[in-house]
Ligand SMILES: Cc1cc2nc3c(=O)[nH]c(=O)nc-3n(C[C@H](O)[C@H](O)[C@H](O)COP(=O)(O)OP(=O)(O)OC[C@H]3O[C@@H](n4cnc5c(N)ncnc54)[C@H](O)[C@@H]3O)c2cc1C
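In structure tokens, the next block holds one chain alone, the form predicted alone.
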Amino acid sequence: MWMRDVPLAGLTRWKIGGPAPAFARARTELELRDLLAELGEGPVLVMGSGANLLIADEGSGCPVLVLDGEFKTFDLAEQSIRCGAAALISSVVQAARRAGRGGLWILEAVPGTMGGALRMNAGTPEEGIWERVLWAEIMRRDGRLDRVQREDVEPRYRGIDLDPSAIFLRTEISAPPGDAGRVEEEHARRREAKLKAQVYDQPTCGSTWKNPEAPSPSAWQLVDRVGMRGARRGGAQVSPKHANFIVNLGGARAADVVELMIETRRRVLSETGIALEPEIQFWGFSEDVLRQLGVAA
């Protein structure tokens, strides 16, 4: 059932953004197909846990779907993990750790859902989740189901080539048994490093900018170099702890975050010649604003 004018800010990690003109939760494949059919051919946006997302103050501009119910489940097979797109990354990763399954440490301390991880090719700069995906099932906008594999989506750093309207439903990821002690040690090492360096105690979406290709400095180094560490606009601030994070100090608006991002990108481009690209998704913004933010067409 579609609901009208539903607030979205509370569903995002940033706690920022306006409402959805229409909103629904799909708990089964049949419900999802019926909800899509009710919309006709219009666009629809799919929200996970809002971990990597900035919504305009005016709202999303399009209907928003959240997967729930059967899509939140996951289970361990002999050599893999099968999970729904709405399963939390943290839950899947910790289940793998406890079972001594190797490789999922690339997602240690990464927020969001598995569907979002697939869409963004989440992981480390060296290895994304699609290196381990055996298959993923998607629903096309017209309700058709397809299975895709790595070669079908051409994964890259923080992205894949797949129709934006395709909705991830479930996936199977390679996770063979490993040395339990090494698995535990690797998870602990990566988690400790992230908790020490990154921001987890304030509302934020994680990394704001993609890291440029080597040998360029990392995104946080570039932001720091141009004097934007600690910069503030309204209730939003470039974190003093990690310059590639923007935090909501309380009452931040999407316009505050956008202003910080545009100024940061302008300075980095002017002073270093490097054009930063956002790592986050934007809903409800004009083409002009997206161009200024460096969002690829």
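The structure displayed is predicted, hence computed values, not measured ones. The first residue of the shown sequence is 1; numbering continues from there.
The form predicted in complex with this ligand exists for this protein as well; it is not shown, and the discussion that follows is about that form.
| Should residue 72 be classed as touching this ligand in the predicted bound form when contacts are defined as heavy atoms within 4.5 Å? | Answer no; every heavy atom of residue 72 is more than 4.5 Å from this ligand in the predicted bound form.
| is_contact(residue 123, this ligand) in the predicted bound form, heavy atom dist at most 4.5 Å | Heavy-atom contact with this ligand at 4.5 Å: present for residue 123.
| task | Tell me, yes or no, whether residue 182 is in contact with this ligand in the predicted bound form, where a contact means a heavy atom of each within 4.5 Å. | result | Close contact is absent here: in the predicted bound form, residue 182 is far from this ligand, nothing within 4.5 Å, heavy atoms only.
| Might residue 117 be said to contact this ligand in the predicted bound form, defining contact as any heavy atom within 4.5 Å? | Residue 117: yes, in contact with this ligand in the predicted bound form.
| query | Hey, of 253 to 261, 225 to 233, 23 to 31, 41 to 49, which bit sits against this ligand in the predicted bound form at 4.5 Å between non-hydrogen atoms? | reply | In short, 41 to 49.
| Taking this ligand in the predicted bound form as the reference, which of 194, 147, 140, 156 has a non-hydrogen atom within 4.5 Å? | For this set of options, the contacting one is 194.
| task | Report the residue, out of 219, 92, 85, 173, that has at least one non-hydrogen atom within 4.5 angstroms of this ligand in the predicted bound form. | result | Of 219, 92, 85, 173, the residue with a heavy atom within 4.5 Å of this ligand in the predicted bound form is 85.
| Does any residue in 191 to 227 get within 4.5 Å of this ligand in the predicted bound form, counting heavy atoms only, and if so which ones? | Those in contact are 194, 198, 199, 200, 204, 205, 206.
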